[in-house]
Each structure stands twice: as structure tokens, then as C-alpha cells.
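In the block that follows, a single chain appears as C-alpha cells, in the form predicted alone.
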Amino acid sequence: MKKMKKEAMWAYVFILVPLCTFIVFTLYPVISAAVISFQKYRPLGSEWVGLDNYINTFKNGLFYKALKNTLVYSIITVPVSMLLSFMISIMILPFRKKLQSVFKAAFYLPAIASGVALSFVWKWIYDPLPSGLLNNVVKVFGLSNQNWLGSQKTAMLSLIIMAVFAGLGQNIIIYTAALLGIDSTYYEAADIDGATFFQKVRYVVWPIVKPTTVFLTITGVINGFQSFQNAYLMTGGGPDNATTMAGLLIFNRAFTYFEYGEACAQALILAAIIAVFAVLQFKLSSGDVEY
């Protein structure tokens, strides 16, 4: 009995550390942001303004444009990235374990690189000068130099392509792990039934990895709505706010215009939108998923 009490005490101690970390670095900032969203915040003497920050946000046309840009970015980036990851995972699955590891490491390499370094590499790829890599490629097809990040027609597409290729590695690792967990007897039964490769993928692989797909979809959409770094470093939200994401709008409101109260209100609205999307996705896509 005494030993059990001692073990229980140590269990509470180990739980207490992450609990305190969560309270200090997550729960307290969220509660503070909620309080500040009702204030005209100043370091010395904030003024209580009620719902004014929320009303100003909903009257701001740029807020809706940023939400639209974020929605377009997420809706295209997430499915394209997942489809490519699934196809690549299937293609590398038949290889021997060492060769699989080489491919997984190669695709995962961008994920461990600094986001700032990746942005500079992609800025060189999209360089509007003839020295830019992409302009050298299109030149082969007889096209003139393009200002990929400076044109409203191509700026968002350029960010989406960058996000898709930069995010493949993590999805491939997770999909490959899910594929390796499929029992070989399923494939043997499909072979006996004379199933083709695509029928195996459709009726064996896809249903079994559906929980992985649901997980990647929900986390991908959350990451997409929280996107900030690429737009901030690559375009600064331009041209003419064509790439201003919700995260960048909140950042600018807080640290460019020092409207902390309105920035907190926008952040909480964005958090509510992300929560609604996450719940809807979970309800719509996980009906026949068993965990």
C-alpha cells in the first residue's frame, strides 16, 4: 500500500510539470488574448471598449480578403499535398527497406531545414530576373520572364506550389508507416480474387489508411489556416494583398499598427473558424473510421 502511494505521488509529480507548462504557455496566453480583445490595449492603462474590436474586424474588408486567401490556400494545398504523398508512398513501398529509407530521408529533408532558408531558396527559384531557375525553365518553352511573386495572377499559386513541395516529407513518412502496417493477407486475398493494382488501392489500401487520411486532413487544414511564414518572407502579403493570409493580417495589426486589441479579436475569430472546420471535417470524414 505504501509503495502504491509512493508511485502515485511520483505520477502526480510527472503530470504536474507538463500541466504547469500548459497553463503558463498555452492557457494563460489564450485567456489574456480574450481579455485584451475587449480592450484598447496600452502597456500602461488599457481602456475597456467592449465589442468594438470585433465590430471593427467584421467591418474591415481586408479581414474577409485575408480569410478568402487563407481558405483558397488551404483548400488547394492540403488535398494536392496529400494526394502526392499517398502516390509517392505507394510507389516507394515495394522497394527494400534501405532504399525506402533513402527516399523517405530525401523527401523529409526540407522539413528539417529552416523555413527562412527554404524561403530564400524558393525566392531564387521565383526570381523575376533571367537568372531565376523557373524563368530559365519556361524560357525553354519560348515563354518570357515572369514576375512570379510580383503578379496578382501568379503570387498565390507560387506560394501554394512551395507549400505543397515543402510539406510532402511529413505526410510521406506517416502514409508509409500506415501502409507498412497493412497485413499481407489482405493483398494475398486480393490476388486470389484477381484484383488489379488499382482495385487493391481502391478496395484494400484506401479504406485501411482512412484514419491516417482523416488525421492528415484535419492537421493540414489547421496548419493551412495558421500559415504565416511563407507569405511574410516571400511576398509580405502583396501584391495588393493578394497573398495576405489571416495570420499575416493579425501580425501586421499587432506589430505594425500596434492595435493589440483588434489583433487579439481577429486571432480568436480565426481560432473559432479553425475549430468549426476541424469539427465538420471530423464529422463528415470519420463516420466509418475505427480508431
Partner chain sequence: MGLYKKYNGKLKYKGTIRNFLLAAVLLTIALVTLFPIYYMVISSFGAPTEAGGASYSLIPKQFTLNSYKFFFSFSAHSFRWILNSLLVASVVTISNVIFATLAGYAFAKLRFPGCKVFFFVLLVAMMVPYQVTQVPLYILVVNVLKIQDTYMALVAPTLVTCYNVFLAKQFFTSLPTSIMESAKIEGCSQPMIVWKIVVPLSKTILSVMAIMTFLGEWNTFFWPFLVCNSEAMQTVQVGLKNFSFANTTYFAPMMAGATVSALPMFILFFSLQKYFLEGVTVGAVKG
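Definition used throughout: the rigid core is the maximal C-alpha set that superposes within 1.5 Å between two forms. Numbering follows the first chain given and starts at 1. Here the structure is a predicted model, which means the values were calculated and not measured.
Not pictured, yet referred to below: the form predicted together with its partner chain.
K.L.:
Which of 47-55, 236-244, 255-263, 61-69 has heavy atoms within 4.5 Å of its partner chain in the model of the complex?
P.N.:
After filtering at 4.5 Å, what remains is 255-263.
K.L.:
Tell me, which of 208, 157, 83, 91 has a heavy atom within 4.5 angstroms of its partner chain in the model of the complex?
P.N.:
It is 91.
K.L.:
Is there a non-hydrogen atom of residue 105 within 4.5 angstroms of a non-hydrogen atom of its partner chain in the model of the complex?
P.N.:
Although its partner chain is absent here, residue 105 would touch it in the model of the complex, with heavy atoms inside 4.5 Å.
K.L.:
Find out whether any non-hydrogen atom of residue 284 is located within 4.5 angstroms of its partner chain in the model of the complex, and reply yes or no.
P.N.:
No, no contact at 4.5 Å.
K.L.:
Even though the partner isn't displayed, in the model of the complex is residue 197 close enough to its partner chain, meaning a heavy atom within 4.5 Å?
P.N.:
Yes, residue 197 lies within 4.5 Å of its partner chain in the model of the complex.
K.L.:
Hey, in the model of the complex, is residue 144 touching its partner chain, heavy atoms inside 4.5 Å?
P.N.:
Flag for residue 144 set to no.
K.L.:
Within 31-63, which residues have a heavy atom closer than or equal to 4.5 Å from its partner chain in the model of the complex?
P.N.:
Result: 32, 33, 36, 41, 43.
K.L.:
Core superposed first: is there a CA shift of 2 Å or greater at residue 15 between this form and the one not shown?
P.N.:
After core superposition, the C-alpha of residue 15 moves 2 Å or more between this form and the one not shown.
K.L.:
If the two forms are fitted on the core, does residue 24 show a Cα displacement reaching 2 angstroms between this form and the one not shown?
P.N.:
Superposed on the core, residue 24 moves its C-alpha 2 Å or more between this form and the one not shown.
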